[in-house]
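Coming up is one lone chain in structure tokens, specifically the form predicted on its own.
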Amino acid sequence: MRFYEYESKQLFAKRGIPLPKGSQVARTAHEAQRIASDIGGAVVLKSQVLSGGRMKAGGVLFADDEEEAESAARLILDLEINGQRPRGVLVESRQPVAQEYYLGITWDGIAKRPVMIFSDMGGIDIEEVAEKYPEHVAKRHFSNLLPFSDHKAKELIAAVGVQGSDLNRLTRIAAPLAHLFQEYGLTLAEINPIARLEDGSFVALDGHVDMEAEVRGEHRALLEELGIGEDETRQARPPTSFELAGKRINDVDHRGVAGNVTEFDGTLGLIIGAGGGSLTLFDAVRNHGGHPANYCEIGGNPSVSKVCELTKLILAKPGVEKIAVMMNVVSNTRVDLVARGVIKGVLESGEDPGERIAIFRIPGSWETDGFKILDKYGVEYCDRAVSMYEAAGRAVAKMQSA
């Protein structure tokens, strides 16, 4: 789940990361005028949407005084960016910048550890800097379990040539960001740019934070403090009614995951899982020429009732012709329970499982019992001898021959 910029900065403030003067969100143009008046002098106003491209879309404006700030805020609050209406407008002081830096922490799935990335060329995409100017980018992995050492941050920043007081001041931003990443189960904590102002001080001009959805319950107090509602999925766009319904299904009980869905406009409904394997399956369907109706995550031995309700939700989605149920080899998810849930969901939708289920590919524990259930209803299934990629191809072929 993503945080708005103003929420990210509230999180930064908890760890003492310096911010521009003001740094408050306004819900109305009049409120923006008041904040600008309190700041005094030039300000920058930024649309609060969960989307990039704000500057190009006109969602970032500058004002020299409170009257201009009110006019700018009115324009921003009426501006839709990539289909999103702004949650508010962030008002901050505008000060002369001497240099910009990039600092980010994300999860490295290959190394299975967090990685901190730093560059002395901030304000632009870090991918572009890494490609064109690799000598200006440094990265270091660190443990997500052991306490973070400030020395690691200092080594990272010094690796691109930063020295002296600048090194010490940047370390006092990088280390708290790592502590936030560890404390709150974040998947991304990014400041781009960190600005060194002409007076030598440093501030975080922009911030992006993503939190792992599964740790929301653990950090409910923080989310309540930031005003984040339990029904907010916080993707790159507001959740659809389909996605909110999926969340309600998943929240029914604690057993496993079934209902974590993202909506697309295709015709093949997906009930898929296995972590990175679900992304592989989603891509495999598209590579075979299929059109997914949704992305989905199941696993951790969800109950029959949760799988049933998820199946009914996906089948009820307009345009869905068939569903494909696919996972990698599993040990903690009973195949027979998933089979029972899917079959029950299809039957309760008034449909024929043999017709509506394109493929069932979940090898693992209790698979013999699961396959017997599928046999009874004429559902095509396959075991681990059939790769996930081939299973996705079979599902798409069923769609094309229908």
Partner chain sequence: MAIFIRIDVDGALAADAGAARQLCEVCPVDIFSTPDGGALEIVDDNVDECTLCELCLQVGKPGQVSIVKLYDDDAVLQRT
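Numbering follows the first chain given and starts at 1. Just so it is clear, the structure is predicted and the values come from calculations on it, not from any experiment. So that the term is clear: the rigid core is the largest set of C-alpha atoms that superpose within 1.5 Å between two forms.
As for the form predicted together with the partner chain, it is not shown, yet the points below apply to it.
Taking the partner from elsewhere, residue 62 is found to have every heavy atom lying beyond 4.5 Å of the partner chain in the model of the complex. Taking non-hydrogen atoms only, residue 46 never approaches the partner chain to within 4.5 angstroms in the model of the complex. When the partner chain is considered in the model of the complex, residue 305 lines it closely, a heavy atom lying within 4.5 Å. With a 4.5 Å cutoff on heavy atoms, residue 352 does not count as touching the partner chain in the model of the complex; it lies far away.
The partner is absent here; in the model of the complex, the one residue of 373, 35, 358, 335 having a heavy atom within 4.5 Å of the partner chain is 373. Here is the short version: of 248, 141, 255, 151, the single residue with a heavy atom within 4.5 Å of the partner chain in the model of the complex is 255. Figure note: of the listed segments 64-72, 25-33, 362-370, 46-54, the one touching the partner chain in the model of the complex, with heavy atoms no more than 4.5 Å away, is 362-370.
The candidate site formed by 281, 286 and 288 is entirely out of contact with the partner chain in the model of the complex, as no residue has a non-hydrogen atom within 4.5 angstroms of it. Residues 343, 344, 347, 366, 369 are the ones in 342-371 with at least one heavy atom within 4.5 Å of the partner chain in the model of the complex, listed in sequence order. Residue 308 shows a C-alpha shift of 2 Å or greater between the shown form and the other one [criterion: core-superposed Cα displacement of 2 Å].
Once both forms are overlaid on the rigid core, the distance between the two CA positions of residue 379 between the shown form and the other one is 2 angstroms or more.
Relative to the superposed core, residue 122 undergoes a C-alpha shift smaller than 2 Å between the shown form and the other one.
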